[in-house]
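Here's a solo chain for you in structure tokens, the form predicted alone.
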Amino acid sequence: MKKAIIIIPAYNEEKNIAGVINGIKNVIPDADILVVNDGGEDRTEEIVRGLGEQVISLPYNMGYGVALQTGFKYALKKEYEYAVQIDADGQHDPGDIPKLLDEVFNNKADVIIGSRFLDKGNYRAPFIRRVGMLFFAKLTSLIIGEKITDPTSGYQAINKHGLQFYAGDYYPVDFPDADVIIMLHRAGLKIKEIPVIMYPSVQGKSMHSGLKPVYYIFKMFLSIFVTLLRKAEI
């Protein structure tokens, strides 16, 4: 088996983290797992350690992108060749991990994105969020000249070239989504989507709740604009 690590960013996920880890272990019993506890104030770290898995706890809540990038930098430091990022809330089906890894192992792309919308996926987001997803999917597809259906997916497999890019200075520290796909394309890295299963949030919570969607849209437009102005590099 090629050297791969499963990276799980988590923020106050004590109710879900054990189920996610056990789900991964049911699929890949010998999986290397790293949970990045993003300054949570609950028992996430304690639960992860109790299950015998690796955990890095950030000193305070620094954002989804920082938590992910911490995992990517750890993976490179420990000389992992591949990584899978999967969310801690239980929405992603761990059964799709071998499929994601198989694609990246066989050099199908540098970053394999798990799309909940391919092959007539039955995931249904709230209307306003679904409109936003569709808009940024169309915009991203137009910019890179390749069809993208799920630019907000947090379920990905990444090879070493992708890890090196994700660990760099340009990786967004709050909502790494459509802008990252455009950055990858401009840096010459190959992206591919494959269908995955995604379930509704168990607790109905989202990082895009309240006024955050307004900030997200503004930030994403700004980030894409700056990305297009910046010289492409890896």
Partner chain sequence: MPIRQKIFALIAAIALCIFIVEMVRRKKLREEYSWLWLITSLGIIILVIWYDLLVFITRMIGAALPTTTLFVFGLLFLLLIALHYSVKISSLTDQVRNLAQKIAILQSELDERRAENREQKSEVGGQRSEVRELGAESGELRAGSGEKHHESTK
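Keep in mind it's a predicted model, so treat the numbers as computed, not measured. Residue numbers count along the first chain shown, from 1.
Missing here is the form predicted in complex with the partner chain; even so, the following discussion is about that form.
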| item | value |
| --- | --- |
| In the model of the complex, the residue from 147, 130, 78, 108 that sits within 4.5 Å of the partner chain by heavy atoms | 78 |
| Contacting member of 197, 56, 51, 191, with respect to the partner chain in the model of the complex [4.5 Å, heavy atom] | 56 |
| Residue contact check: residue 69 to the partner chain in the model of the complex, 4.5 Å heavy atom | yes |
| 4.5 Å heavy atom contact, residue 73 and the partner chain in the model of the complex | yes |
| is_contact(residue 28, the partner chain) in the model of the complex, heavy atom dist at most 4.5 Å | no |
| Interface membership of residue 187, the partner chain in the model of the complex, 4.5 Å heavy atom rule | no |
